[in-house]
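In the block that follows, a single chain appears as structure tokens, in the form predicted alone.
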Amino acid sequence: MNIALLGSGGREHTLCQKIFDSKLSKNIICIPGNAGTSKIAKNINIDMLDFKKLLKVIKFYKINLVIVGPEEPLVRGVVDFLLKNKIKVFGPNKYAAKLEGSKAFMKSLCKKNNIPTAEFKICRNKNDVNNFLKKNIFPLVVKADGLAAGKGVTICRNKKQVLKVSDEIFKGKFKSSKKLVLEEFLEGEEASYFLLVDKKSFKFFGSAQDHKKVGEKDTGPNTGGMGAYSPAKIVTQDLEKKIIKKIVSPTLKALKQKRKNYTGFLYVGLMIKNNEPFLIEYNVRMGDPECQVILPRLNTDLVKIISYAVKNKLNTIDIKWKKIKCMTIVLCSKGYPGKYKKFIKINNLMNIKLKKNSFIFHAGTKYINDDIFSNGGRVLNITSVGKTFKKIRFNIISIIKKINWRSGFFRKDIGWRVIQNK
């Protein structure tokens, strides 16, 4: 099978590796890919948002299946476009992708279907913001309505901060929208719960805990994710039943009633409070860096699973998992998530010899004249599997020290919730 994978991050390198390991894959092309994917696939450096150009490449390489990695092509309707052109593709349609593409859409769907989530108000101007402020106590959360590359959420401690952040969004700080969602701040523990979905059924596809804050002890601004671990201990069988009954099933039913069935990865971002799940967000693709800790634990052939989902036969396949733990730590460019320099050489990367239980998934990297350079804020995902999170983290940090990239930084406390006191 010839497979095309859209995207260029750590998630895509991880997906690419699993596709490469599959007995069903023949040729893999990554659009645009990164330095890591170029070792196991053919990178094609075109704009994946130029759908007409994308279609030409897909036809030229006789692609049998397209797997979409990131959210933006999904939100812009790449699945609808490819299906219209009779190309098999794995991912949700444009309407279903609004679960991630519009916070307002997602929150409205929750309200209409009694899905537990934080109290909220969709705000289009300063008056809307002030009206919500009158009735709520701090802290409050301000969310840009559209896509914002993991940087559109701000927890605000006072009115001045809310007005400042809101004003920036109204003035177009994020190109995706000029409206926002204001919501109450929920205390609790976050968890990420993943599913594979087709038109007839859905299957559990792992749990993880991400670390969004840039600084240790969860301080500083939000990022796209500084590291993660899987499985998430907090997701018990009892909690899982509640997640399915109160959140997932009503959501998929609501889409089905609109005749906009969901197909693809579904990432359920949760806040767990007193053993009750509240929906924080939906993502319509695998998480990044959660994908990097879930896929190394997968025992079943990923291409086989996705092929079944595309045929709406997910209910006939048994997905098996390795009984191991997994963690990833993200090595970032200094300055991230603010301003950072690109195209800085990573000298020692070629010399690192990894054991079977460790992986380096590339994110923001690029080959230039046979050398590897940084090409983004999140540069490398150093990932390892094992029996205890403490040993896994020690192993990852020792690999990062060997890489010795002085233009980078990382969090040394990934997994602190499960490692403390051990």
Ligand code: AMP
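Start at 1 with the first residue shown and count on from there. The structure displayed is predicted, hence computed values, not measured ones.
Same protein, other form: the form predicted in complex with adenosine monophosphate, not shown, and the subject of what follows.
- Put simply, F185 is close to adenosine monophosphate in the predicted bound form: some heavy atom of it is within 4.5 Å.
- A residue is said to contact a partner when one of its heavy atoms sits within 4.5 Å of a partner heavy atom; I155 meets this definition for adenosine monophosphate in the predicted bound form.
- Using a 4.5 Å cutoff between non-hydrogen atoms, M271 counts as a contact of adenosine monophosphate in the predicted bound form.
- Taking the partner from elsewhere, K212 is found to have a heavy atom lying within 4.5 Å of adenosine monophosphate in the predicted bound form.
- Partner contact region in the predicted bound form: 135-143, out of 82-90, 135-143, 298-306, 331-339, criterion any non-hydrogen atom within 4.5 Å of adenosine monophosphate.
- With the partner removed from view, the residue among I319, L255, L147, I280 that has a non-hydrogen atom within 4.5 Å of adenosine monophosphate in the predicted bound form turns out to be I280.
- Note on the partner interface in the predicted bound form: the residue among A104, A118, C110, V248 having a heavy atom within 4.5 angstroms of adenosine monophosphate is A118.
- Contact annotation for 214-231: a single residue, N222, has a non-hydrogen atom within 4.5 angstroms of adenosine monophosphate in the predicted bound form.
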